[in-house]
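Single chain ahead, written as structure tokens, the form predicted on its own.
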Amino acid sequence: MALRHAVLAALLDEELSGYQLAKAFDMGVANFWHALPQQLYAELTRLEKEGLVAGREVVQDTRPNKRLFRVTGGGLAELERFAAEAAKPSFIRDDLLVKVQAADHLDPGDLIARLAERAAFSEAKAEQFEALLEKMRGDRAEGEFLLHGERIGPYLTCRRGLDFERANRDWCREVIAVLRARSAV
């Protein structure tokens, strides 16, 4: 997957400025694709040149003018082409796992501290995802929303992010318990 597909998917629901796109990425798309704001702006420029997004200037009185972008028919066709391709398997690339791999040769106190930091980060992210899911569902039960909600794609990817962060949190806590038990022996 290229950044272009993540940007196109993020623009499906509404017209967004580069700033709004960066914020949307940070909350929703970041659980499966990371990009810096400058990468997003550069990608929007490329996509506009290729006709996959259309931008328009919005004049603002008290602020600098901004450009809003939306997916074009060509952009939707590109997403459809991408969706028809076989998905590549994902791989974990995480510096904390390297540290745990070397646990037998490291100070367990330092490693426990890093794991506790990650567990706290994952807990905070999980809470953000839970709040976002609740906002998307409104007053509907999840099952009802999944059957009758207008757009479930963002909801389902957010659910994956929630599951991912919960799994990270739980794994960190488990490793901390193992390291503490081994240190006590």
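Start at 1 and count along the sequence shown; that's the residue number. Here the structure is a predicted model, which means the values were calculated and not measured.
We do not show the form predicted together with the DNA, though everything after this point is about it.
- Taken together, the three residues Gln101, Arg160 and Arg182 lack any non-hydrogen atom within 4.5 angstroms of the DNA in the predicted bound form.
- With the partner left out here, the DNA still marks one of 113-121, 143-151, 126-134, 56-64 in the predicted bound form; by a 4.5 Å heavy atom cut-off that stretch is 56-64.
- None of the heavy atoms of Ala6 is located within 4.5 Å of the DNA in the predicted bound form.
- Contact annotation for Leu36: at least one heavy atom lies within 4.5 Å of the DNA in the predicted bound form.
- Interface membership of Tyr41, defined by any non-hydrogen atom within 4.5 Å of the DNA in the predicted bound form, is confirmed.
- The DNA is not drawn, but in the predicted bound form it has a heavy atom within 4.5 Å of Ser17.
- In the predicted bound form, Lys88, Arg93 are the residues of 84-111 with at least one heavy atom within 4.5 Å of the DNA, listed from first to last.
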